[in-house]
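Taking the form predicted on its own, here's one chain by itself in structure tokens.
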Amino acid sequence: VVLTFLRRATEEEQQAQSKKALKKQQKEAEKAAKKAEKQAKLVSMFWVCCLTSGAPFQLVLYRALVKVEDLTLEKVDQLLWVRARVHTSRAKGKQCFLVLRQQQFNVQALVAVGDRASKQMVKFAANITKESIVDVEAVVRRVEQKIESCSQQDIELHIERIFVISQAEPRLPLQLDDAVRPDGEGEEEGRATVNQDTRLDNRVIDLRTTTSQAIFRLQSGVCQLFRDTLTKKGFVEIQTPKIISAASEGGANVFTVSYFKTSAYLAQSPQLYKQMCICADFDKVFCVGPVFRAEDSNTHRHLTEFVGLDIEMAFNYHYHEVIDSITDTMVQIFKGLRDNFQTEIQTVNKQFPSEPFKFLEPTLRLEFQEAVAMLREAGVEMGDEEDLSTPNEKLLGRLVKEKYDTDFYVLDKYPLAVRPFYTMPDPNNPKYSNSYDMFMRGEEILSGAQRVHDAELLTERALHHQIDLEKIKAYIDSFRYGAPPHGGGGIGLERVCMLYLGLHNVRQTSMFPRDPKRLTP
């Protein structure tokens, strides 16, 4: 009897435990189902939360994002995703029009109450602040009338879903529409334009404009074309020091920096080191890097720091071999910009109209004395060995354009007195030199010359310019062990871009310009 009782008690206890376990399992299953349902609801938004919160990616949802640039008639009736900034928004009744911008391209989008969008969604879209980054799922639709205010004029997006990836503050330091408005346009209606200081003080916003995007994409193209062209010509890219022991140009316009227990200078050019590489048998070299000039010049074309595109090469018989190589490189850059950057050129021209840049093949080359004669005929009084002033350079540019129909030319045989110490004198006329400048639209963009490659003559020229020989001893010594005849030049990247596009201030083509009055941002 006792055994039977114990057996029944054990069975009842096991059944009770089984019921408890079953209930526990059921609760856990219900909990898991609820969790899965909740995750399923959040899955389409979870990746947005990860992006905005900085949380580690535990779940990543990849979607193919289409570029605004690629939204064409070929994609009509397709449902796709786009990530862009809200450029403008305008609510009207049960619908909201957005202009979505991505770099230099923009497209009109529509959110309208219907099967795929509620009234709350329209209100939500209308309240998204300008410059916020959004992801939209939308259908591409053809429009009956071209949308002139957008780059994508033949289509618009009909939005079905919209997510805010990053929200901008409601008050912007400048309005992008004002920043791209041509000077003088809209004055009668009282529309504003943005002055240069406001742009530069808020450069991150200003760089978002379609004009700025186009300028710096074209500038990137100049660098790429420069590198590609010279590499094909057999040049080697080098890197040179920017902290040096003596003023490389022999002048006083250098930035002095503390260098442990002594002083050093920021390089005015990579000149000396380019030449040393030629002496080291690199034959043809180029470099792209910063150049520093401590000139208190608050003009439209001067910066205290700019990007130098520098070339140096040995030649066989005449320094004109160097001129021909550099001018051909510039012509290849001009061709590449003309053929591959029309979108950027036209974008800039909408705000800053200019004549197309003209150049000749082969490039026009004039001697300095010819230029002086042309200026004297135009009424300018100047000496034979006097350097060209900025107004005279511009006047000469206009005279050359009228006579030869080119915006790009070379001026050869400058007076020796106005050139640096390492410039080779003209063997036929000691008052002049084997040096040259290159001009675009009447402004100098390159200064170059055949270099003195004889150590004794170089020493003599350095002393004439009152340069401390001890500080350039390593430079002079590099020519004592056999140096080939060579020459080169330095190009200002920002000036090239400014003048090619017909702009009026080099600060427009410097991403974060440095001048005597600006050290930030």
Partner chain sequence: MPMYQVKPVCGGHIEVDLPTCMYKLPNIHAQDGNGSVSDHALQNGEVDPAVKALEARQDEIMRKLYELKAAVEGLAKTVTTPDADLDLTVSSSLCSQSPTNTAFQSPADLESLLGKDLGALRDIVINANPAEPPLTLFVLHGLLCQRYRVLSSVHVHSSIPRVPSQLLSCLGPRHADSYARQLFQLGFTLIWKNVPKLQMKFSIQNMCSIEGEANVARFLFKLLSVYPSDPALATLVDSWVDTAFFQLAEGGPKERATVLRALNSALGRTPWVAGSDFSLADIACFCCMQKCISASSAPANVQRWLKSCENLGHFSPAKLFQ
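Positions refer to the first chain, counted from 1. All values reported here derive from a predicted model rather than from experimental measurement.
There is another form of the same protein, the form predicted in complex with its partner chain; it is not shown, and what comes next is about it.
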*is_contact(Leu364, its partner chain) in the model of the complex, heavy atom dist at most 4.5 Å*: yes
_Phe421 versus its partner chain, in the model of the complex: is there a non-hydrogen atom within 4.5 Å?_
no
_Check Phe341 for me: does it contact its partner chain in the model of the complex (non-hydrogen atoms, 4.5 angstroms)?_
no
_How about Phe359 - does it come within 4.5 Å of its partner chain in the model of the complex, if we only consider non-hydrogen atoms?_
yes
_Candidate stretches 191-199, 316-324, 118-126, 71-79 - the one whose heavy atoms come within 4.5 Å of its partner chain in the model of the complex_ = 316-324
*asked:* Please identify the residue among Glu402, Asp183, Glu386, Glu355 with any heavy atom within 4.5 Å of its partner chain in the model of the complex.
replied: Glu402
*So which bits of 81-101 sit within 4.5 Å of its partner chain in the model of the complex, heavy atoms only?*
none
